[in-house]
Each structure stands twice: as C-alpha cells, then as structure tokens.
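Have a look below at one chain only, the form predicted alone, in structure tokens format.
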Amino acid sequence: MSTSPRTPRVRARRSPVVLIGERLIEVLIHACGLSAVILVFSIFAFVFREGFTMLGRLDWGQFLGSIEWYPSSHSNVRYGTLALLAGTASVSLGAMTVAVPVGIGAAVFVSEFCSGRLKEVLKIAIEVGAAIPSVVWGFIGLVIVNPLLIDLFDAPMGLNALNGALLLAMMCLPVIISVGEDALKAVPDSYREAAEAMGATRWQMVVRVLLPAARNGLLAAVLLGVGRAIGETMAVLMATGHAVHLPTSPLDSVRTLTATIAAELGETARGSDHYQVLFVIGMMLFAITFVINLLADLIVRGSRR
C-alpha cells in the first residue's frame, strides 16, 4: 500500500518590524493594566498619609458613636460621624430601593422585549443619561424635586433624604441598565432555545432561566450602582439639606460623608486636626467600598459553587 508523501509545513516568517510591534503592544497592554492598580494604590496611599497621624489621636467611641459634628468649635471640638454615616446609608439605601428593580426591569426590557429603532433610541437615551453631570442633577433637585416634594408631602423643606435618594437613583440607573443588559446578552442563545423548546413563555424564560444565568453580571451592575450612590458628592450636597442629625423619616434633611468632605475641605488649614479628620472620613469611604466589593466577591463565588 503506497503512502502519499507528507508535505512539509511551511511557517510564515514574520518580519522583525512586526515582531517588535507586537512586543510593544503587549508591553503597552500590561502597562495599562498595571497603571490602573498603581493609580488606586497611589490614591489610597495619599489619603492614608494625610490622615494617618490622626488615627491614634481620635476618640473612636465619639468618632463612630456620636452625632455631634463641631469641628470648628473654639471651646469643645467634637468629631462625631454617626449622623454622617446614617445620612449616607439612608440616601444610598433609598436610591438602591428605587434603582435596582427599575434598572433590572429596564435591562430585561431592552435586552429581551425591545428591538429595532426603539431599542436604539432607548440605548442612546441611557448613554446620554449617564453623561449628565452631577451638578446638573443637583440643580434638578433644587429647582424641580424640591417644590414637588413640598407640594406632594406637605413637607416644610424639599431638600431631604428622599430628594437625594431620587436623584441618586436616576444617576445609578444608566450604569445598572447598561451593565445588566450586557450580562443578559452574554447568556448563550441555547438557554433561550432550550426554554422555548420546553414550552416556557417568555416571562418564564426570563425569570427561571435568564436571571439565574446572569446573576453574577447583574450583581456586578448593582454593585456599580451602589458604588456610584455612596461616592456621589455634588448632587447630595445640593439636594439633601446638609443637616447633621439622625434621620427619622425620608423627609428629614441629612448630610453624607462625601458632602462633608466637599463642603469643608476647602475651608480648613492644611495639616490641622480638622483637615486630617476629613481624610480619615475618606479612609472610611475606602473601607466601606472594600467591604461591599468583598461581600460581592464572596456571593459570586458561592453562587458559582
């Protein structure tokens, strides 16, 4: 039995210029990835350096458990952040209460129930909403939402936690919708086809197949929204009333951690105790976001198992 001779495999030779170009591109990609990590650690190092000397001199019981924030008092200086923490939590939780169901529902609609020109128009509108500056949202809270809340709830003042929560919900929606839609689109079409082959309706397919399959991506969308809500500054500074006390209802004026830093950092002497305490608050914000991301990572790993 005759065997046909094997044809030798010819390797395409690449010129040295192409090899050097590919190597440069690889180095550039690695540098871009490392630069993001270095930038985050550099920011944390700067914040930690400015507030480090105050860590050992703070009365942590008063700092975390008192609602008295009087950093400029001449006779009795007090740094109590409990009211600031409560204001941040109330505004952020209120925003997520509105943004998460609306955002996930809008992502499902855009991904599964919308097509053609309407889908393109909605996606453009979502991107435009993400590009609106926070100071513009603050003006909306002052001019539109403020009198609206006074008329609807007969509140003495419309600059309160509810106002800030509504603005933050509107600001978080584009992020949640965009990332949520990408997560739903990443689900293989075979999942949809299998569900339809078994006689499932479209809603049954969404609830029992798509949402469980895309839960990791949807969780990432929600966490990005939470991070946007906690880290937002200008809108909550303009819309929440900026009052330091524990809120007892959504119609109470509050002050957040970020708004406190933005309002007071420019008026303090560099290196003073007040200046360093504001950086300690910045370290608290870093710690809060780290805990949120850590919990999310644990939830994602548990769901994968």
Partner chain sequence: MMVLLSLIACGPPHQDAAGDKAATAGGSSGGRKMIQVRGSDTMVNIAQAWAEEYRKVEPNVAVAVSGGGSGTGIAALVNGTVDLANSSREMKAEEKEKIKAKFNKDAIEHVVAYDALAVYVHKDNPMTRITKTQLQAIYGESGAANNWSDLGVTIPSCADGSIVRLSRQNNSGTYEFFREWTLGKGDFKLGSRDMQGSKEVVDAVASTPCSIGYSGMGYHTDALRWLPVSTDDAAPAIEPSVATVHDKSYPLSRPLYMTSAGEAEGDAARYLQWIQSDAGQAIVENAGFVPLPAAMRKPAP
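Just so we're clear, the structure is a prediction, and the values are computed from it rather than from any experiment. Numbering follows the first chain given and starts at 1.
Beyond the structure shown, there is the form predicted in complex with its partner chain, which is absent from this document and is the topic of what follows.
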ask   = So in the predicted bound form, does A220 come within 4.5 Å of its partner chain, heavy atom to heavy atom?
value = no
ask   = Counting only non-hydrogen atoms and a 4.5 angstroms cut-off, does S73 reach its partner chain in the predicted bound form?
value = yes
task = Indicate whether Q276 is a 4.5 Å heavy atom neighbour of its partner chain in the predicted bound form.
result = no
key: Interface membership of R78, its partner chain in the predicted bound form, 4.5 Å heavy atom rule   = yes
query = Ok, P133, P156, P188, P212: which has a heavy atom sitting within 4.5 Å of its partner chain in the predicted bound form?
reply = P156
query = in the predicted bound form, which of 52-60, 38-46, 23-31, 258-266 comes within 4.5 Å of its partner chain (heavy atoms)?
reply = 258-266
